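There is one chain below, alone, in C-alpha cells, taken in the form predicted alone.
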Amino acid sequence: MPQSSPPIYLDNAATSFPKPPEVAETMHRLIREISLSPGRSAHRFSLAASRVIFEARELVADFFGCPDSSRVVFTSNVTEALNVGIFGLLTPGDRVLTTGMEHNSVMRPLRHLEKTRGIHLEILPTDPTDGIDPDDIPRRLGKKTRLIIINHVSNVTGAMADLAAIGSRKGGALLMVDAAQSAGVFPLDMEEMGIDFLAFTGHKGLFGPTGTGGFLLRKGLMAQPLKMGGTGSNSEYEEQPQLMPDCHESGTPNTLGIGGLAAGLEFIKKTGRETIRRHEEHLTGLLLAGLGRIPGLTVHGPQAGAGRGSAVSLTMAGRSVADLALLLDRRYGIMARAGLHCAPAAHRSIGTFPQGTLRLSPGFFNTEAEIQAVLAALDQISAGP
C-alpha cells in the first residue's frame, strides 16, 4: 500500500477511532455554551452542567441494567474505577479469586494489597482459548472469598468469559467485572448477570473521549472512597459525605468528557448494539480466516465466533512483534500495537511472555477493504526478506 493512502487504524482495543461525529459536535457545543461546573452554583450554567451529568448517569444506568442511576459513579478511566473497587471493598485477610487473563489495572492493585493488607490471591486456571471454566469457581470459593474479579473480554486474545454462568456460581462472594473491552459491544446487565461492581471505560466501545469511565455499584453495597474532597453537597461538614454517588466524585467532574460519553451512548442506541457487534464480528472473522492462510503466522486465542471480542493477537516466525508493528506502520500505513498490552499475566497464560504479540483490533468504523489490505501486507512481510 502506498504511504500516500489513508492510514488504517486497527488499534481499537486501545482507543476506538474515529469517534462518531455526534461526540465531537456535542463536546464543541458544550464548551462553547456553558461553564461546565455542575453542582457548585445555582446559576443557569451550573444547572445546565448538572443536567449533562444527570442525563449521562441515567443513560449509563439504563445501558448496564442498573435500576438506580445514583449507583453510577464517573471516573477518569476504567483503571481508576477498578482501583476504587479493589481498595474500597477489600480488607486485611480477604481472599480474592481472579484469572490469568487480567490487565495490570487489576493485577497491580491486587499484588500491592497482598503485601500491604495480607489479602490472599488465587489465580484460576485459564485455558488460552476458552478462558476459565465457570464450574471451577464453586470448588475454589471457600468460606472467606470476598471478591471474584473477571475480565469480561481479554484485551490480548479477545476470549470472553461467561458472566451469567459465573454470576450464578459466585456463592457469597462479590463479583467485580472489568468491562473495558466489552462495554458497548456485548450485552451487560448487572441484575441478570449477578454483577456487584461493573467497571467501564468511555473511550473504547462506548465511543466517548479519553479521560472518561466509571463504575456501577449494586444497591446496598458500599466501597470506601479512593479520594476525598469537595462534592458540592453537604459542604457544611468536613467529613466526606456517605451518599451515592457524591462520596466517590470529589472535585470538579469532567463535564465535557461525560457529555461526549453520553453522545457515544446515544450513537450506540441509535445504531443498535447488535448492529455494531455483528459488524465487528464479521470483520474479525475475515481477519482470522485470512491470517490462517499466511505461512509462519500463529494466532493466539479463540477462533471466529460469537464468543470472542475483536482483539486478535499473533506472532510470526522469524520476526519480532515490534518489527512487525513498525513495518506495518511505516511501509503500509497500518496502525497496530505490539508488546505485552499491560497484561503480562495474560501473555504468561498463552505462552507469549516476555516478547508479547502483535495485536490487531478492528472496530465499527473499519471496512472489509481495510481488513484485506492488512492481510495482504502481512502476507508480503511473511514472504519477504
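Residue indices: 1-based, along the sequence shown. Predicted model only: the values in this text are computed from it and were never measured.
Absent from the display: the form predicted in complex with a small molecule. The rest refers to it.
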Exercise. Which pick from 105, 250, 145, 99 sits with a heavy atom within 4.5 Å of the small molecule in the predicted bound form?
Worked result: 105
Seminar exercise, completed: Answer key, the small molecule contact in the predicted bound form at 4.5 Å (heavy atoms) among 180, 262, 73, 161: the residue is 180
Exercise. Even though the small molecule is not shown here, does residue 77 get within 4.5 Å of it in the predicted bound form, heavy atoms only?
Worked result: yes
Exercise. If you check in the predicted bound form, is residue 157 within 4.5 Å of the small molecule, heavy atoms only?
Worked result: no
Exercise. Is there any non-hydrogen atom of residue 203 lying within 4.5 Å of the small molecule in the predicted bound form?
Worked result: yes
Exercise. Can you pick the stretch from 85-93, 120-128, 195-203, 238-246 whose heavy atoms fall within 4.5 Å of the small molecule in the predicted bound form?
Worked result: 195-203
